Ligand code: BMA
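Taking the form predicted on its own, here's one chain by itself in C-alpha cells.
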Amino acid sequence: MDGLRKLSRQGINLSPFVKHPGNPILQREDVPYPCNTVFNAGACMYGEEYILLLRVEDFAGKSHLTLAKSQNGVDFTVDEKPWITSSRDPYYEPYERYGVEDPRITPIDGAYYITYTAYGPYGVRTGIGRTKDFKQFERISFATDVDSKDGVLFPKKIAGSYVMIIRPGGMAGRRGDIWISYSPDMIHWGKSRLLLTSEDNRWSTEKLGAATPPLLTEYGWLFFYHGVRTTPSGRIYRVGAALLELEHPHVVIGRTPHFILAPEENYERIGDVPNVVFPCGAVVEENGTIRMYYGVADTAIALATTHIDDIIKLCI
C-alpha cells in the first residue's frame, strides 16, 4: 500500500490515452473477403507477432472471428478466411446460430484461452475455447446461462481456481453490472459475487461490461471496462479502469473517477452504432506501454496507447 501512495502522489494525466494518427488501423477494406464491418478484436502476443482476433460481420448481420497478424502492432495482415465460425456441434449450435462475437484472448499455462459471446435465438452466453498455435481451436464450455456476456479470464489461477469477470443482464435496457466467478476446471462456474456497479459513476449509468482481460501489476490487477450512458441522442460507450487486489480479486482497491477513453473522433462517432469505443484486447510492452485495440462505432478497429503507471495513478 505504501507503494500505491507513493505512485499516487506523482503527476496524474487525466486523459491518458494517445490515439494513433493512422486510425482506424483496420477497416472492412482490409479484410480480403466481402464483409459489412470489422471491430471488437481480442489481442495478444504470439512469439514475436501481434495477434488480433477480429469480429467480422457479414452482410447478413452474422459475426464470425478472423485472425490478423502484425510485426509492429499497427500494420496487420488479415487471413483470407474466417477462423472461428458458429459451431455445428449439436450442443453448441443452437446458442451460436446467430454468430460468435467480441472475443478476448488470455494466455494461461502455455495455451491461449478465448472467451467469446455466443449469440442465438435464446439470447447470449459466454463461451470459452482454447488454442496453442492459432491454427486449431477447441471449445471447452459455455461458462454462463443466458443472458450473460463480456467474459474475460484472469491470466493465472488464484487460490487454485480459474477466475472470470462477466456481465449478466444489460440487454433490452435492463440493468447490467460486473460480476466475478470462480471455477476449478473452466466448465463449472460459481461462487459469483458483484464486482462493479454502474451506480457509482454518472458517466456509466445504464450498464458496465468487461473490456480487456485483467493485467497483472505489482499493485494489483488492472482491469479495463466499458460503461454505457443513455443520452437524448442515444447511447454513448466509454472506458474506465479499476484496480483489484491480487489475491482477492473481488476486492476493488480503486477505480478511475471518470472515463479515460471516449468517442471523440469522427471514426468513433459515425458508423453502424455511433458513439462507441469498445476495447476487447490490450498488449503490454516491456517498457509499460499499453497498446489498446478497440472497436469504433461497430464499424472499424482503432489503436490507442498509454502507460500502465498513468492508469494505476488514476485508480488510486
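Residue positions are given as counts along the sequence shown, with the first one as 1. Quick caveat, the model's predicted, so the values are computed rather than measured.
This protein has a second form, the form predicted in complex with the ligand, left out of what is shown; the following refers to that one.
J.: Taking the ligand as it sits in the model of the complex, is Lys207 in contact with it (heavy atom to heavy atom, 4.5 Å or less)?
T.: It does: once the ligand is placed as it appears in the model of the complex, Lys207 has a heavy atom within 4.5 Å of it.
J.: Look up in the model of the complex whether Tyr116 has a non-hydrogen atom within 4.5 angstroms of the ligand, and give yes or no.
T.: The answer is no: Tyr116 has no heavy atom within 4.5 Å of the ligand.
J.: Does Phe223 reach the ligand in the model of the complex if we count a contact as any heavy atom within 4.5 Å?
T.: No, Phe223 stays farther than 4.5 Å from the ligand in the model of the complex.
J.: Indicate whether Glu96 is a 4.5 Å heavy atom neighbour of the ligand in the model of the complex.
T.: Because no heavy atom of Glu96 falls inside 4.5 Å of the ligand in the model of the complex, the answer is no.
J.: Please pick out the stretch from 281-289, 66-74, 34-42, 261-269 that is in contact with the ligand in the model of the complex, where contact means heavy atoms within 4.5 Å.
T.: Correct option: 34-42.
J.: Could you check which residue among Val276, Val56, Leu26, Leu53 gets a heavy atom within 4.5 Å of the ligand in the model of the complex?
T.: Of Val276, Val56, Leu26, Leu53, the residue with a heavy atom within 4.5 Å of the ligand in the model of the complex is Val276.
J.: What residues in 234-249 sit within 4.5 Å of the ligand in the model of the complex, counting heavy atoms only?
T.: Residue within 4.5 Å: Tyr237 only.
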